[in-house]
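Listed next as structure tokens is one chain, alone, in the form predicted on its own.
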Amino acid sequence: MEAATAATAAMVWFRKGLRVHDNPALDAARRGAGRLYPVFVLDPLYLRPDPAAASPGSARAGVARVRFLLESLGDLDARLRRLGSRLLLLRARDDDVADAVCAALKDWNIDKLCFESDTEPYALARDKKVTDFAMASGIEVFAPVSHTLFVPAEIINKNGGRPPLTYQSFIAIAGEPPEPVLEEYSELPPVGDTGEYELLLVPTVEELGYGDISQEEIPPFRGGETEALRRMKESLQDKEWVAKFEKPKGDPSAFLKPATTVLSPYLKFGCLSSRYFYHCIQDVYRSVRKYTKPPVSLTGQLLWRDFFYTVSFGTPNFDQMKGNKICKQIPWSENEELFVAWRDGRTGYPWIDAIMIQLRKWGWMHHLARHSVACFLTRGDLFIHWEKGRDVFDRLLIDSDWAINNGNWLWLSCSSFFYQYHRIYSPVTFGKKYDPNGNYIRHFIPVLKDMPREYIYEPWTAPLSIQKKAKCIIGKDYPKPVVDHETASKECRKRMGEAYASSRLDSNPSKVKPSNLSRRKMSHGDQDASNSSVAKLLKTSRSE
């Protein structure tokens, strides 16, 4: 560790980036510091119990994600303690995280503040408040970008001030990401005097007051940097698997041993550095003769992540339909009864319901499972606004990420990026292709566990005698389908076609031809992309 001036006090403010490895903010804070204050502020916006929520947790986060965060904080504290430091856990002041940070900066006489830059709207407003206070107080501020491979603002600047709206154009601009910070520390500067501050222990989920959650299933994914690095190492040990990885070729019904790395939650919370992961994958590639390439490869998935971060950062109102220039304006239906049936896993379609129950219990499901339920809610069957589904995913997914979640919902609802609305996931045959026996359904919907294989995806077609033998009467023990898929999907296609036609007429009435409905004209100087090329990208999406 470098020689330090005893009077110099630095704060590293953790939010995401809950790790020690490849953490430029931590690295900068420790350099030249006589005292180091590693701080995390518990945010009531995400943690305060909400009795009115559809499932245990807060209004913004389900229990699974809260648990993952707390585990990650506990692991970070343990890793800091091994370096002679600790995590200083604070309460927000009057529900304001920024106020708590500003007060600590003043009370602890901090000379330098370091934190990882964040591009989400909520974070930008919070960070501006803290930065303005720090600079007005003569405190040095360093906020490096390390949550993504690239700096979104730099990509946008290279593209003439506009975000690239296709994966290909993004890749052409981005180049190779910078090297991670690989220096390992044997110790950190000691924690300075915190005065009268109440320093909290990392609470348990039970201590946060979410009511009786004793029956809540504990997800198989434990939070923290230690687990992230273990999972990454385990995944990369199988060099053949890494070399042949192709995102479309996963099994969405595999739950005991998921068909992906399941590193997305660790990337979301910054327990794992995307740059470090990227360069570790490159090390594997250098040791094999042949390997897959983006967009389907493992590195391709990290590039998809950065693509959505960049587009979201450069697109006003990215998280909504209205006022979003890259989003199709579609007159979605409002039907609370159908929406609740979808949210709660009570649509009567076992494949859809099992996925939503897995989401509710585990906070995670395979990317193709996400595709299925998103399509069903929006353009496939129910024609309900993608923002409604986005909010459910945002609350329940442990890997919920503002940029990627919104980007995926825009994509899967055919509101942006992908426009082949005629391609619809069947709520019956798609899952059956991967899991003909219905093991996935039997696990997450126990009432159907004795339903014969030939009826497991369509239990309403089973004769009453079969239903009785399986101890599951459709309409009583398990719901009847809320819609007829064949009829509903035809209606959805019709309404999507009308919305697209209306959108084109509104934007350029003199140039619209019926044949153009099957093509996407890319804005902001991007090249035209045919449906076939966009369809390939749909198969290779994006975040899980």
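Heads up: residue numbers just count along the shown sequence, starting at 1. Just so you know, these numbers come straight off a predicted model, no measurement behind them.
One more form of this protein exists, namely the form predicted in complex with the DNA; it is left out here, but the text below deals with it.
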**Message:** Quick check on Thr292: any heavy atom within 4.5 Å of the DNA in the model of the complex?
**Reply:** no
Would Pro121 show up as a contact with the DNA in the model of the complex if we use heavy atoms at 4.5 Å? no
How about Arg30 - does it come within 4.5 Å of the DNA in the model of the complex, if we only consider non-hydrogen atoms?
no
**Message:** Check Ser85 for me: does it contact the DNA in the model of the complex (non-hydrogen atoms, 4.5 angstroms)?
**Reply:** no
Testing 246-254, 265-273, 386-394, 218-226 against the DNA in the model of the complex with a 4.5 Å heavy atom criterion leaves exactly one stretch, namely 246-254
In the model of the complex, the residue from Leu200, Val141, Leu236, Val296 with a non-hydrogen atom within 4.5 Å of the DNA is Val296
Note: exactly one of Arg230, Arg81, Arg346, His422 sits with a heavy atom within 4.5 Å of the DNA in the model of the complex, namely His422
